[in-house]
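In structure tokens, the next block holds one chain alone, the form predicted alone.
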């Protein structure tokens, strides 16, 4: 019985030591696993298989058909067909990339045009360019060739930017002139000419002539005071409020000309009108009473 218990105790101890040993072995092989994973990731490379271009005329006859070479020249009525297959470099199996583009680049002007390319699940792709109906993505062309390259990007693979060939195209025709094109060009700058500041005459001269202009009014008032009958009782308590209400009307009209609005003038004028009616009746009554005495 004691020997059996001892065997059981030994087995338990061995099991307790086995778990740390496994963990230690796992840690020893972990850097090796990372190295193998990095090598595998670096080995995921795409490549092009059987790239080929075909140049055809307007009737469909092949003028040139061969693997990609440089340069490739197209006429105004000719078409270009590019075929290739995207494969894994290791096992040469077809791969359908996530993104595939054909790029046309003019080094002299910096203009470029990019067009997506459709790729089948087996990695095969075909691209057509017909100059009888030039596509809009083509940059303006001159005597310099366009650099044609292929751009491929997909997860788990290194991206590809492969130069295919130089493409020589006919010169682009100038764009038609829009009738309103001149409106969108810079106009000559407007040079504003301002009048010089008006010269102010001497203050003494201004005062002299202002006095000459106002002097006849003083003369007229002086002569009128000698001829016209004097207003008796003008400042009496019964007549003065009526005179003040008339003066308030003149002040209201001047204030309206300076800052008030028409609605305000009508409101204040209505109030002053009621006051003027009562003060006027009182003034007339007092004048009539003095005449009857």
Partner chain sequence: MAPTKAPAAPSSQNPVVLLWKAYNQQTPDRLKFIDAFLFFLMLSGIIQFAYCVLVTNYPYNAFLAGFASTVGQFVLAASLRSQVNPQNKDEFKEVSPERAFADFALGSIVLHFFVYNFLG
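Positions refer to the first chain, counted from 1. This is a predicted model, so every value here is computed, not measured. We call the rigid core the largest set of C-alpha positions that still match within 1.5 Å between the two forms.
Same protein, other form: the form predicted in complex with its partner chain, not shown, and the subject of what follows.
Although the partner is absent here, residue 216 sits close enough that one of its heavy atoms falls within 4.5 Å of its partner chain in the predicted bound form.
In the predicted bound form, residue 284 approaches its partner chain with a heavy atom inside 4.5 Å. At the 4.5 Å threshold, heavy atoms of residue 256 reach its partner chain in the predicted bound form.
For residue 220, a non-hydrogen atom is located within 4.5 Å of its partner chain in the predicted bound form, even though that partner is not displayed.
The stretch from 163 to 171, 202 to 210, 138 to 146, 86 to 94 that comes within 4.5 Å of its partner chain in the predicted bound form, counting heavy atoms only, is 202 to 210. Contacts to its partner chain in the predicted bound form (heavy atom within 4.5 Å) from stretch 246 to 268: 246, 249, 250, 253, 254, 256, 257, 262, 265, 266. In the core-superposed comparison between this form and the one not shown, the C-alpha atom of residue 206 has shifted by at least 2 angstroms. A movement of the C-alpha atom of residue 252 reaching 2 angstroms or beyond is seen between this form and the one not shown when the two forms are aligned on their rigid core. Relative to the superposed rigid core, the position of the CA of residue 243 differs between this form and the one not shown by 2 Å or more.
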